[in-house]
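This document starts with one chain, in the form predicted alone, laid out as structure tokens.
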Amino acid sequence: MAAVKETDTVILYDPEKEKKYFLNLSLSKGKFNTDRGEIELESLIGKPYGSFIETHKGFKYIILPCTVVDFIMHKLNRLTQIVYPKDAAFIALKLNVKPGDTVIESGIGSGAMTAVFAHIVGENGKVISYEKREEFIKNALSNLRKLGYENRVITKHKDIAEGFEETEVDAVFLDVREPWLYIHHAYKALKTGNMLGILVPTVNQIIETLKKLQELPFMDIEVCEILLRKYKTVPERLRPEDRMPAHTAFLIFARKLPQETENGSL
């Protein structure tokens, strides 16, 4: 069974009140105060996940691992709108991101999509994130540090109008205001046959993006949105929740084809 490390972000769960506390052990020292007493944080290190920890008043909390989704939805410090998990998981699968891959993204935002990519590529992969606003880079790296993913991410404080420095990368993801201005750069950076993903919030942006995609050798062009409807978990009155997290963004995907040769064939 996995044990708590001093760099982990953990959940302390109160089963009686069904209350969660999130804390990052690398940034928190000394004692942690709950409404049921104090916990010595050092005493968490080495304990197996799923075990109990007691406060000085004798109340027990269950130690649980903080998942990437937990962190994004509850602890991520946001300076921007984020890519929500319902979209992020689909994006990662459509781009075929896997362990060991190199992924380019722009921009980094608050680091939510970056964290998902870093989680998947693992210790042997890299996420290369281009961002022209330094405050976003600093905040995103702070978020990634709390997940232990900072070493999997290379940030470049650079405007992508100048192009990407990398070639033959496994996937490219654009989350910028005018993605159609940079699709030719994404094309040059991608491996042939691999996927480009684009996120935009409005229909107007889709139209301009599609026009540009049709000018370049891309296939499997697709536009979609992900709608998520949750249900109340009460067996006696099972029904949808009153609010639905519906539209958050439009997603555009395309697969790179090779450039035409001099004789016109692909």
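In this text, all values refer to a predicted model and were calculated from it rather than measured experimentally. When you see a residue number, it is the position in the sequence shown, counting from 1.
Omitted here: the form predicted in complex with a further copy of the same chain. The next part is about that form.
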Name the single residue among 145, 94, 75, 132 that comes within 4.5 Å of a further copy of the same chain in the predicted complex, judging by heavy atoms. 94
Listed residue that, although a further copy of the same chain is not shown, lies within 4.5 Å of it in the predicted complex (heavy atoms), from 45, 27, 62, 216: 62
Heavy atom contact within 4.5 Å of a further copy of the same chain in the predicted complex, the stretch among 103-111, 153-161, 67-75, 133-141: 67-75
Should residue 116 be counted as a contact of a further copy of the same chain in the predicted complex, where contact means heavy atoms within 4.5 Å? yes
Give a yes/no on whether residue 128 approaches a further copy of the same chain to within 4.5 Å in the predicted complex, heavy atoms considered. no
Heavy atoms within 4.5 Å of a further copy of the same chain in the predicted complex: does residue 120 have any? yes
Can residue 50 be called a contact residue for a further copy of the same chain in the predicted complex at 4.5 Å between heavy atoms? yes
At 4.5 Å, heavy atom to heavy atom, what parts of 80-96 sit next to a further copy of the same chain in the predicted complex? List them in sequence order, or say none. 85, 86, 89, 90, 93, 94, 96
